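Only one chain comes next, encoded as structure tokens, the form predicted alone.
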């Protein structure tokens, strides 16, 4: 099989490619250039798109003895990931850029280009399992629960899964992956995991948003309508946020207050007690079906953040929208996040959260 291995410059993608080479596949490595000025993205090992990562990916390909190319997808990344990120925050929602990158870049732009060039599949270092039965492919949680990444892959379709490979799905632990990298002579065996948002060099998301969306002073208001502080732009905040509020009026009951709503039209941030964040149901839009489309009601598990604990729920799909009724109230769920639906360990599909219904409302 001709396989295009996406090499991020990290240990996971390198070991994934190494396993495919060992299995006898014809592997070609490709690193994605997502910025026309890569030095403007995070340097060092914290991101996944830095200049150092590009060099590390090339060196890994040399060790594996496979061809290596850099593909310039900066324009697509800026349009489909960065611009979407800014637009979502400007609308008072909380997006997941890594999930969007998987949907629009790695398993759309890269996969389509790879198929046009004659490759059979794209392989990544994601921790997830694939089960194939004839023409049908099931996406499941990884054997390594702590590193499972099926949540950020919940935007993939059957066609995309049919041309995807996740060689690290069956691994027992990240320690095993690092040990395997060392045994194979991959110098990045000890390289730290990437985290944070790759296109925000400082790690200061609020500052990044202010710089691009502009500062606009407004009020922070509590549940009683009292102004308890000010902010420099409602779009900087997300539902469930506690830190960084800088409230000037203490709570009457002495308890912490959290962001309960972001009203960008009025430029108001609303805060309240933790109890005001207890969500009992969700309304999801922009559905992607990983399994066959559902038009009924079914029980399963809902997950709305990467690595968060899934929750029991009842799902209903009608008129292009997904309703998720949680067995127990959950906290800190924000519009704009993705809710991924599972049946056991199998991913059924995903939707963008448009609205949260708070318990007691």
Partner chain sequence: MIYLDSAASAPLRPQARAAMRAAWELAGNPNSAHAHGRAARALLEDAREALSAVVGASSGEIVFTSGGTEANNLALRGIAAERRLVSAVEHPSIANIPGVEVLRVGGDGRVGLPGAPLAGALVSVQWANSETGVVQDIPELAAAAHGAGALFHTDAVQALGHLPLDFAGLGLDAMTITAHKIGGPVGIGALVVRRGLELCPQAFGGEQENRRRPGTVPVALAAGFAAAAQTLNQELASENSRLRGLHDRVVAGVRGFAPQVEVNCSEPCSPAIVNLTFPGARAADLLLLLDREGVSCSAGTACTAGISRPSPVLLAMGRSEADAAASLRFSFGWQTTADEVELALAALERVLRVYRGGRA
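Source: prediction; values computed, not measured. Numbering follows the first chain given and starts at 1.
There is another form of the same protein, the form predicted in complex with the partner chain; it is not shown, and what comes next is about it.
- Task: Examine residue 69 and determine whether its closest non-hydrogen atom to the partner chain in the predicted bound form is within 4.5 angstroms.
- Result: Yes, residue 69 is a contact residue.
- Message: Is it the case that residue 115, even though its partner is missing from this view, gets within 4.5 Å of the partner chain in the predicted bound form, heavy atoms only?
- Response: So residue 115 counts as contacting the partner chain.
- Item | Residue contact check: residue 104 to the partner chain in the predicted bound form, 4.5 Å heavy atom | Residue 104: no, not in contact with the partner chain in the predicted bound form.
- Task: Would you please decide whether residue 120 lies within 4.5 angstroms of the partner chain in the predicted bound form, comparing each non-hydrogen atom pair?
- Result: So residue 120 counts as contacting the partner chain.
- All of 142, 180 and 184 within 4.5 Å of the partner chain in the predicted bound form, heavy atom check: Negative, none of the three is within 4.5 Å.
- Which of these residues, 26, 321, 62, 327, gets a heavy atom within 4.5 Å of the partner chain in the predicted bound form? So the residue touching the partner chain in the predicted bound form, by this definition, is 26.
- Query: What is the one choice in 191, 163, 138, 100 with a heavy atom within 4.5 Å of the partner chain in the predicted bound form?
  - Reply: Partner contact (heavy atom, 4.5 Å) among the options: 163.
- Query: Looking at 308-316, 54-62, 294-302, 329-337, which lies within 4.5 angstroms of the partner chain in the predicted bound form, counting heavy atoms?
  - Reply: Going by heavy atoms within 4.5 Å, the stretch is 54-62.
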